[in-house]
Each structure stands twice: as structure tokens, then as C-alpha cells.
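Single chain ahead, by itself, as C-alpha cells, in the form predicted alone.
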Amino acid sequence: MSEYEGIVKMLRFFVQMKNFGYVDRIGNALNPEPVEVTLHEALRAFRSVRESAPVDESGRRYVEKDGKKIPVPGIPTEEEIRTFLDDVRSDIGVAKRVATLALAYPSKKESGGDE
């Protein structure tokens, strides 16, 4: 699943912001179309948040929620999105696995915000 790491990080960001809508819609999709629509909406919202997020002294973007700084990860690459959507079209279970990973706690090596 590391080939979808950027998507997982983006969805995990929304989970940290207590916005479970995108993860739930992707994880509960029965066919590829709702995954594509939801991913489009998530990318649009994420891009807006990311571009307006302040940058800390170490150069990482973050947003504040409930007094905590939440790192804003990088935007998934075009190739990653294309691969994910192609794989979802051939196996909808890929979407469910990515959504499940987004709900899990990240490993320690993934603590940073930006790419």
C-alpha cells in the first residue's frame, strides 16, 4: 500500500481534523465512481487548506485544531492518483484498504508534515 502513501496521508489529515466524510465515502464505496468523485472533492478541499496553511519555523505547513498543531502533508502526485484510480477500477477493495489505513495511527517514522 506504500504506493498510495500520499493519498493515505491526505485522508489521515482529514481524520485528524475530525472530518471523516471523505474516508467514510471512499471506504464504503461499492463501485469506483463514488471513489473518484470523493477523491476529487478531497483533493480540492485539501489543496485549499494546504495553500492557506501557515508555515512553522522548520518550513512545515500546519493547521491548528483544539490548540494542537496538525501537520499538513504534501499533495499526492498525479501518478499516484492515476495508479490508485486504475487499481480501484479493477479492485474496489483497494479503496477500502486505503481508507482503513487512513484511520490507523501512523508509524513513528511518518511524523512530519511536508513531503
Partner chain sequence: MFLSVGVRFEANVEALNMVETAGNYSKHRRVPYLVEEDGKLKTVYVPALSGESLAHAYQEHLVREALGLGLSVCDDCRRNEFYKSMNKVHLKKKVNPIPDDPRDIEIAIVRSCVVEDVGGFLYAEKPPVRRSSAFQVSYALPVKSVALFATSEPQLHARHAQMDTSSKKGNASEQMIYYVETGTALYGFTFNLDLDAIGVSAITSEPILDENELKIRREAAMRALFRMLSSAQFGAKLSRFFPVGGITEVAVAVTEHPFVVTSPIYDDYIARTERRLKVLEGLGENYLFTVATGEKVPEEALKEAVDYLREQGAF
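Since the structure is predicted, the reported quantities are computational estimates derived from the model, not experimental observations. Residue numbers count along the first chain shown, from 1.
The same protein also has a form predicted in complex with its partner chain, omitted here; what follows describes it.
- Among heavy atoms of Lys9, none comes within 4.5 Å of its partner chain in the predicted complex.
- Proximity of Pro34 to its partner chain in the predicted complex: non-hydrogen atoms within 4.5 Å are present.
- In the predicted complex, none of the heavy atoms of Arg82 sits within 4.5 Å of a heavy atom of its partner chain.
- Taking non-hydrogen atoms only, Ser90 never approaches its partner chain to within 4.5 angstroms in the predicted complex.
- Annotation: in the predicted complex, residues Asp56, Lys65 and Lys69 none come within 4.5 Å of its partner chain through any heavy atom.
- Only one segment in the set 26-34, 56-64, 69-77, 82-90 has any non-hydrogen atom within 4.5 angstroms of its partner chain in the predicted complex, and it is 26-34.
- Residues of 42-71 lying near its partner chain in the predicted complex, listed in sequence order, are Arg44, Ala45, Ser48, Val49, Ser52, the criterion being any heavy atom within 4.5 Å.
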